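Take a look at this one chain, the form predicted alone, written out in structure tokens.
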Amino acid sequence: MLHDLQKDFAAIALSNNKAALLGRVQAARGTPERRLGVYHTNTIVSLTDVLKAAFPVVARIVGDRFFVAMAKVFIEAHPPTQPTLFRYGHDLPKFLGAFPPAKSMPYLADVARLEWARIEAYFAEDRAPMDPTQLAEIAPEMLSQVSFSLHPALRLIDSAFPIFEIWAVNQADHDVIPGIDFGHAECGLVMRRDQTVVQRLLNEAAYQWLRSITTGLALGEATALVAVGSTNFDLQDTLHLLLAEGAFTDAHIVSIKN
């Protein structure tokens, strides 16, 4: 049956499992094993190129030889499940976190998370950002009950390592990579603005405030929660930054239960 034939061929292309089709191939030149193996090789090469395009910084950090070998292991363990290749690779950050050869680079998985967040932001649904004057139209006594609708492209990223700095110094236009202090954490956001993906570092207080907002807390609740653990949170500066980045699409009043 055609379906069975396609399934057996996919097994060859993705995992190099030739058993089901080996007896059905006639080779005028070379062996049936080699002729079938060509499809597996071509598939691995093509999907490796997809991963390199999605994770260029990871590829630059580890080098081509490491990346190609790693990609082969990943592809065979995590073959595509959707026909849209731009969605392929979302499992790579988790895979890198458990990949023994990458153990000496504990930051690598988080760098991959940042790169995948950029992919998601780029392909996210497009919506108009909120007009900042919308907040000015809300009565001051009601501001604490404001809840924000988030832009679909917004992604939050945090790491125990300076992944934003690592990403920045590993761009193609940097011939020399400066020394990096790996002993500090970084957190921030990824957004798409005017069809361009941007990322911004946030201080810990602003990051925790925004994370609280993403869970559905109103402005007053999120601010009070952050104030418990931080004395340097500036709500006005944080709002100004997030509105400028287009992180919100709407603001509305919610009733807060006592």
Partner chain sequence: MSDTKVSTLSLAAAVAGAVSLAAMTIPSTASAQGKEKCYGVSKAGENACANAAGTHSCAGQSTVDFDSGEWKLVGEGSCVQMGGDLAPGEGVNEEAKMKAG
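Numbering follows the first chain given and starts at 1. Please read these numbers as outputs of a predicted model, since none were measured by experiment.
What comes next is about the form predicted in complex with its partner chain, which does not appear here.
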Might I166 be said to contact its partner chain in the model of the complex, defining contact as any heavy atom within 4.5 Å?
yes
Please check if S144 has a heavy atom lying within 4.5 Å of any heavy atom of its partner chain in the model of the complex.
yes
With a cut-off of 4.5 Å between heavy atoms, is Q199 one of the residues that contacts its partner chain in the model of the complex?
yes
If you check in the model of the complex, is T81 within 4.5 Å of its partner chain, heavy atoms only?
no
May I ask whether V38, R65 and E245 all come within 4.5 angstroms of its partner chain in the model of the complex, judged by heavy atoms?
yes
Let me know which residues along 54 to 80 have a heavy atom within 4.5 Å of its partner chain in the model of the complex, or say none if there are none.
A54, R60, I61, V62, G63, D64, R65, F66, V68, A69, M70, K72, V73
